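Coming up is one lone chain in structure tokens, specifically the form predicted alone.
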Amino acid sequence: MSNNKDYVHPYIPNSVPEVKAKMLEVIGVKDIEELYDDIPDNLRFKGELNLPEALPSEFSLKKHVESILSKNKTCQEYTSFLGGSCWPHYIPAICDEINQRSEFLTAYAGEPYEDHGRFQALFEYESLMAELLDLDVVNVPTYDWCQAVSTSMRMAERITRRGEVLVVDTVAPDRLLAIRNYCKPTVKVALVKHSPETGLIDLDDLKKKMSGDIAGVYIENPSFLGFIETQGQEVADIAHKNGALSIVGVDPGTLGVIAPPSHYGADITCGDIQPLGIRMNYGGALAGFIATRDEEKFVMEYPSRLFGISKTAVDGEWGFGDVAYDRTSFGVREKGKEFIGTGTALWGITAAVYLSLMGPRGMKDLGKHIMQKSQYAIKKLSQIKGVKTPRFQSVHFKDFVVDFNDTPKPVSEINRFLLDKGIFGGRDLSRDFPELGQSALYCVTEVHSQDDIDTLVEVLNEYL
């Protein structure tokens, strides 16, 4: 950046010297440095930042930025076996077509009388998700699964008036960090062990840690590590016996082939709608959901907006609007249970388009397709010398752990080799789950062809 005080920056407002001088005059300051007098001198940077010269030409700037962006590698160029809560799925063209329409893409904080269609679209999203989850109430999407589960725990704390939650220790590491941060200091978070053989929650450890202070028990199904938790009803029974709520995090893309959490005792179901027609976009677009039964004790503890349908003053006409608006921070501000700001409603509308397109049969076919492909990948990978998969003796959906401990290479080196071959390998678990040693979390969905899987196996065979 040029040090010339008379330099006019084409992309920085009010950089014309005369304009800056007039602004300083109006606020009664002789030099811009006076605005920083409150910062202690020893904390102020001395010297010049090591920055390149400015690019005054729009053409030069565009060329420079494009050269940086060209370094990115996408899943269109590479085959990706990365999963772990943000998965590669096929996105029907109609999802992008609808969510880019101006009435949805640019709509923000409108009301029914001025914003025709958006409230109805979100009501339809809630209705479709409620059918998929077999529950009554679904909220307008939160930021992501992390916020959805954290809010679910805060809801459980307010409902039960208890101050602790139990979380299975196979939870996604980033979600656990968010949970601890979001719940502090109101809710204490404790972990429950899993079985080293099956990965399933250790019911004995759960029973041991239950007490009159527990507000809720949280499990994920499928788990972050990919296996299906078959003890959901037992977990719910233990929680309910002790006066706590059962909270289950779920991938909605599984619900065409796996029973929803409401069928095995879950009081609050949460998760992320990213698998429902939403692109990964370098780690997210993500959008969390929360769902419960239509009971006042649950509904009144949702901090986020809920849209319903009701008769209007015009005979035979129906309208869409907020349900119990006063319970939100929009209605009561500082007295709100939690603060809710900008949501991810656009992704809710996208998910509604996807679910409408798929229908019950489509979701069933999708689930079967993913399970068949992932089982094929597991079978082929397990035939590589030194490779063990799945690491856990359980049924898996699309994610599964591949154990490389008996091979001569660490996961980090394996992934570098795969990258050179145009493949994103599985997520390295050695830091987050050190007890698994050199293991990686792989993901297979409907977008992976048999050739993709066979190529992965061939390349790994070559390297190992």
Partner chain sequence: MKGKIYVEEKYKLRENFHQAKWDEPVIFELHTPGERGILVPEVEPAIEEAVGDGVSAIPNNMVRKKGPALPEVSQMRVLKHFLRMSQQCLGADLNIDIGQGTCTVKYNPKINEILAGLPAATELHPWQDESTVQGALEIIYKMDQFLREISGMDRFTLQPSSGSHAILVMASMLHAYHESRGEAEKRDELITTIFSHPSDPAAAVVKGYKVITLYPGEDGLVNIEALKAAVSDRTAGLFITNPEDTGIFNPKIAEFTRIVREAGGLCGYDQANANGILGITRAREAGFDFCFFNLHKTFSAPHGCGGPGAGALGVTKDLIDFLPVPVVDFDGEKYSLNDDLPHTIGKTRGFYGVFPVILKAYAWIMSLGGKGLKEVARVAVMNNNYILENIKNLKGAASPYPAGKHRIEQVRYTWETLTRDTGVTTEDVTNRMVDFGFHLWASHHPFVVPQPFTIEPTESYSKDEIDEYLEGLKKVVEEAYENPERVKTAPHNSVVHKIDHSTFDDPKKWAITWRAYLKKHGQEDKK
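Between two forms, the rigid core is defined as the largest C-alpha subset superposing within 1.5 Å. Numbering follows the first chain given and starts at 1. Everything quoted here is computed from the prediction, not taken from an experiment.
Quick note: we don't show the form predicted together with its partner chain, though the next part is all about it.
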Have a look at N242, S356, S195, T160 for me and say which one sits with a heavy atom within 4.5 Å of its partner chain in the predicted bound form. S356
So which of L128, V171, M153, I214 reaches within 4.5 angstroms of its partner chain in the predicted bound form, heavy atom to heavy atom? L128
Partner absent here, but in the predicted bound form, which of 385-393, 161-169, 250-258, 201-209 has residues with a heavy atom within 4.5 Å of its partner chain? 250-258
Is P56 a contact residue for its partner chain in the predicted bound form, using a 4.5 Å heavy atom cut-off? yes
Taking its partner chain as it sits in the predicted bound form, is V299 near enough to touch it, meaning that at least one heavy atom pair lies within 4.5 angstroms? yes
Looking at the partner-bound form in the predicted bound form, is K398 within 4.5 Å of its partner chain by any heavy atom? no
Can you tell me whether L306 touches its partner chain? I mean in the predicted bound form, with a 4.5 angstroms heavy atom cut-off. yes
Where, within 196-213, is there a heavy atom within 4.5 Å of its partner chain in the predicted bound form? Residue list please. none
By the 2 angstroms cut-off, has the C-alpha of R416 moved between the shown form and the other one once the rigid core is superposed? no
Core-aligned C-alpha movement of D451 between the shown form and the other one, 2 Å or more: no
Exceeds or equals 2 Å, Cα of D406 between the shown form and the other one, core fit: no
